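Quick heads-up: it's one chain on its own, the form predicted alone, in structure tokens.
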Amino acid sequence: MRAFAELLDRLVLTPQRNAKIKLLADYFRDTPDPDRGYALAAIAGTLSIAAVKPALLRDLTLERMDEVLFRYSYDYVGDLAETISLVWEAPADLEGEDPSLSSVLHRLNTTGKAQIRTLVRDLLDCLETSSRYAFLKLVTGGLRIGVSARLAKQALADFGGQDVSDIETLWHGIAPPYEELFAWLEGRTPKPALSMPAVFHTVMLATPVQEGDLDALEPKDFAAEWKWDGIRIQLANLGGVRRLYSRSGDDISGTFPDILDALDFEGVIDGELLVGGTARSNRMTRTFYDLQQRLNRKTVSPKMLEDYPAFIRAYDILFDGPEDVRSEGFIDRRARLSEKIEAADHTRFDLSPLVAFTSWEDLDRLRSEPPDPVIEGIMLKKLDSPYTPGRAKGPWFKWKRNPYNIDAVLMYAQRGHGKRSSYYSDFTFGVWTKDGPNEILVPVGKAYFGFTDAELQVLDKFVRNNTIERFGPVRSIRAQADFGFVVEVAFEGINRSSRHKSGVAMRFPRIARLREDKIPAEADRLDTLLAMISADEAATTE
């Protein structure tokens, strides 16, 4: 565990991308199997481990220290794993150990529920401080070391002298501790063969359009498509195996049997999963809120299948039958895709239409006022671009429509995690509505990004100086008509929701700017949000 703990410490303190890659590559080179494979899985988010609840960790800590002292310590440090690793007092007569990462994981995954408390206590006793911290981060499920799965794969590529695209292709077809992957990278065995043909392949991602990005580009070199507000998927049918994956590689086949039943062509396609009807069936595409009724369900009832019929709007093709066509240009791949979709079930599949434009100004107007409220914006794809995994800047861009904006009042705040663990950075905000004769604030959303570091310090100071109540880690902030903190909130969409007190649910809210020039009485009302929803509903009906 000590080597893994040291790796995490160094990664946290190393901001440079290339330096992080070198640290990882050196660790892979110096660490034996299976520890390096489990470390890779933990960093890349593919490790399956019996999670330990924070409540259990708190209970174990309170067996050995005063509750008030622990609360003060946690409040000062701001991170549960770091707090416990520092305050934990092991018995004086117990010698410290350095168990391997793989042995710790094996014990966690083979210990019954009744004995897990004893196991965790024993491990906390035998580990030294940094290893204890690494262990706690593992079992609570959040390393927060500034390393993405893509960065870890690049470190593997550098370590083995291979192209990162080859590792991307293999990634979802092999499992931790990745011993066959490391054997290939070290030149001891041939490249691993995938045991199942319909594995997930890392998707190609678009770069958001920033100011000046399009100035040096020629419109004639790009195709444009609408960006629909569903979820990005990958649909595979190879070797008699059918699978539907989310953008991150989660297998969601069981939730959408209607899609798999209609899949009668062989290959792998990239597209958007939506609810409603395809363009070819002359039925309207429905909102993301409707799609949410189908997501994350273990079983889907016949009524759910009837009320929320799913379909795929195809964007691209990766495999035409067993043939890998990702190296072909976008226009050539689209011709293949068009042929596939034309022959497919017209109620379950349609082709994403191209948007005609002659200049960036034309496209900007279309982006700002799309013909359907379920459209988020525009996708730009270079005509000759191959399908390459990850987010390389240049081949694909996404240009979202302008967000909705409201002024809202901060109501509650909670500390963040990682680098933000000492700041109040997660905020709940609300707008005004009538409650009988009174005007009250009703919460309508939460946001934890969008602001600068300097703005975060302003928000944090206001929370600390104006807390009126505490509910566990949550602080209630003073908010009245003549006193409070107003923020401008930007969000991508809004729907009615029976699950929220306000009756509305926002999509991707973020704090766009601080409105210190406004008093809370000047913030927006719930009626404003409801009017936005009604306008979208009217546009959808039309």
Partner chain sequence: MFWGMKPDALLYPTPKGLYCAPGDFYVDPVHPVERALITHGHADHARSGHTAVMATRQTLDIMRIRYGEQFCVSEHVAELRQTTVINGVTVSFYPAGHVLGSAQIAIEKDGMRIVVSGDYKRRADPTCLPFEPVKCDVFITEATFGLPVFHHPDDRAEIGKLITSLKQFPERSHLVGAYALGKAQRVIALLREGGHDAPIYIHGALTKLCDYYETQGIALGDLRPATLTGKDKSMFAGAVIIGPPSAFADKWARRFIDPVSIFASGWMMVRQRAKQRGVELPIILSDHCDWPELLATISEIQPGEVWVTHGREEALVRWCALQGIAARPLHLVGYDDEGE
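Throughout, rigid core stands for the largest set of C-alpha atoms superposing within 1.5 Å between the two forms. Positions refer to the first chain, counted from 1. Note that the structure is a prediction, hence the values are computed from the model and not measured.
Just so it is clear, the following notes concern the form predicted in complex with its partner chain, a form of the same protein that is not shown.
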| query | Does its partner chain come within 4.5 Å of any heavy atom of residue 66 in the model of the complex? | reply | yes
| query | Does residue 26 make contact with its partner chain in the model of the complex, using a 4.5 Å heavy atom cut-off? | reply | yes
| message | Given that its partner chain is not shown alongside this chain, does residue 10 nevertheless sit within 4.5 Å of it in the model of the complex, heavy atom to heavy atom? | response | yes
| query | Any chance residue 525 has a heavy atom within 4.5 Å of its partner chain in the model of the complex? | reply | no
| query | Looking at 342 to 350, 228 to 236, 371 to 379, 76 to 84, which one sits within 4.5 Å of its partner chain in the model of the complex if you count heavy atoms only? | reply | 76 to 84
| Among the candidate residues 130, 255, 428, 433, which is the single one with a non-hydrogen atom no more than 4.5 Å from its partner chain in the model of the complex? | 130
| message | Taking the rigid core as the reference frame, tell me whether residue 321 has a CA displacement of 2 angstroms or more between this form and the one not shown. | response | no
| query | Taking the rigid core as the frame, does residue 135 move its C-alpha by 2 Å or more between this form and the one not shown? | reply | yes
| On a core-based superposition, does residue 284 travel 2 Å or more at its Cα between this form and the one not shown? | no
